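A single chain, nothing else alongside it, follows as structure tokens in the form predicted alone.
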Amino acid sequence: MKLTAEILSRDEQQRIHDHSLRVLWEAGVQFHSLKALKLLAEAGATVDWETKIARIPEKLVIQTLETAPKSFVLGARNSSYDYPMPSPHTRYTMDGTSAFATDFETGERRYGTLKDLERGVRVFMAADMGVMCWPPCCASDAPDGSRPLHEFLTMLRFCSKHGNHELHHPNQVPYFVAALKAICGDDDAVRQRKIASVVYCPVAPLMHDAEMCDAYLDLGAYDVPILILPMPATGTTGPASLFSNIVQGNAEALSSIVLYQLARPGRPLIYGSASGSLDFASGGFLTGVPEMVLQTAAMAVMGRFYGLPNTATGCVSDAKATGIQAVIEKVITTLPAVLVSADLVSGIGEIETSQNLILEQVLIDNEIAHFCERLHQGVDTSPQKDLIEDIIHVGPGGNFLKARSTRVMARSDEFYIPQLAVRQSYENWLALGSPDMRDRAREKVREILNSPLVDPLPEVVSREIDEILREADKELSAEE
């Protein structure tokens, strides 16, 4: 008997789909990529070449939804971390590319660096609920033209789980593919293993830029999966009602599916959402609020409506420091996505509206993920949990401490035993120095960073990646 939630009824899902089809046809979607417009026009979309708006008919949406794979495996550099999609359980991705990082030693909030990124993904390796890594902060110390490559490849070097990031321009694609081939072996292995995917955010409202779009079309030859992540914000880049903002985000997701399936039918896609909410008092973008996760969880439901692997942004916070607000917001933005059985929840490790990486927060969020999973598991009513005979045997006034079933259940998944939460008596807690969850998380982070690197790349591959990055720095900087 699982604990679940219904955010959208089947009728409401159909309404969102029908409204989205109307948006795609009547409003259309603007594509700044000439390559994308040609693909759409050849497939039957009505294209206004002057405004670059393509009106997408329903039959084209249906056709491309049919070719999109309903399942595939997110590969990993270490194949023991390969993960099937759709997922049998809700699992987690790291939050991506914050501008800032909090220095683990000094506590200073500053622009993120490659070293912060390296440390972040090493800690993520220890988060057992995490299956997809994302560079957790931008590398302010990397060259502009090749920065996404440095971020992507640093992640793949220090984390052997599946890696997800973005490329910004077609000229970055050859270097990225060369690095994947260095790690995997050859073109076929890159296609088959799928150790990395790319995230694609349509530009709200209803637009696609040229450079990223073309880069991802080029990556289609290698079947690199795409995580489609619309980000309309209520009242600014999207309408001011949750329902209508979901419709717009769904239309943006469908327009992406149409494009990338037309270009390469059968290419793996993940249907996602990072819809936000407007702070009407300040004009700021909010994520750590109920309205955000209601939208992203609803979009995960829409992903399932289309039979696609899905992800929902969650476990996020607008708090400016770790503590009570961060934990409250992360719980309320995680649980709804878990209760609708989203395949992946994207957001662990950061606060400040996903703009500040804090290493110990990665492990705290992993703990939150475990608590939410236990709630979702609900009450197991299987025969193994039917202990009525014990009740009858113990009878009035007895106790169950000596019962064999108590020993068995205490060591089973009936009870989640936390890694960070402090449950000692008050006196023992004082004797330990009054630790809280963050104190215990910091101890674990320090232990991780002082331990040998897990799954290091072979030295010859590492040197090849260094050479690829040197060449990218030289060539891409010259093009700026």
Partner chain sequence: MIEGLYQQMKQSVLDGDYELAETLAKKALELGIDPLEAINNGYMPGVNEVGQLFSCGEMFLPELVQAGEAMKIAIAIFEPEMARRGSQRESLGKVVLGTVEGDIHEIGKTLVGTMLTANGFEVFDLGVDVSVSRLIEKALEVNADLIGASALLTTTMIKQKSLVDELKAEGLDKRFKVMVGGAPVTQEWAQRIGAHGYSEDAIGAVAVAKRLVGKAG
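Positions refer to the first chain, counted from 1. Computed from a predicted model, the values in this text were never measured in an experiment.
There is another form of the same protein, the form predicted in complex with its partner chain; it is not shown, and what comes next is about it.
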| query | finding |
| --- | --- |
| 4.5 Å heavy atom contact, residue 144 and its partner chain in the model of the complex | yes |
| Exercise: residue 261 in contact with its partner chain in the model of the complex, heavy atom 4.5 Å | no |
| Close approach of residue 138 to its partner chain in the model of the complex, 4.5 Å, heavy atom | yes |
| Its partner chain contact in the model of the complex: residue 290, any heavy atom under 4.5 Å | no |
| Contact at 25, 28 and 248 by its partner chain in the model of the complex, all three, heavy atom at most 4.5 Å | no |
| Partner-proximal stretch of 276-284, 395-403, 298-306, 340-348 relative to its partner chain in the model of the complex, 4.5 angstroms, heavy atom | 276-284 |
| Its partner chain: the contacting residue among 374, 122, 150, 168 in the model of the complex [heavy atom, 4.5 Å] | 168 |
| Listed residue that, although its partner chain is not shown, lies within 4.5 Å of it in the model of the complex (heavy atoms), from 99, 409, 321, 126 | 99 |
| Partner contacts for 195-213, taking its partner chain in the model of the complex and a 4.5 Å heavy atom cut-off | 203 |
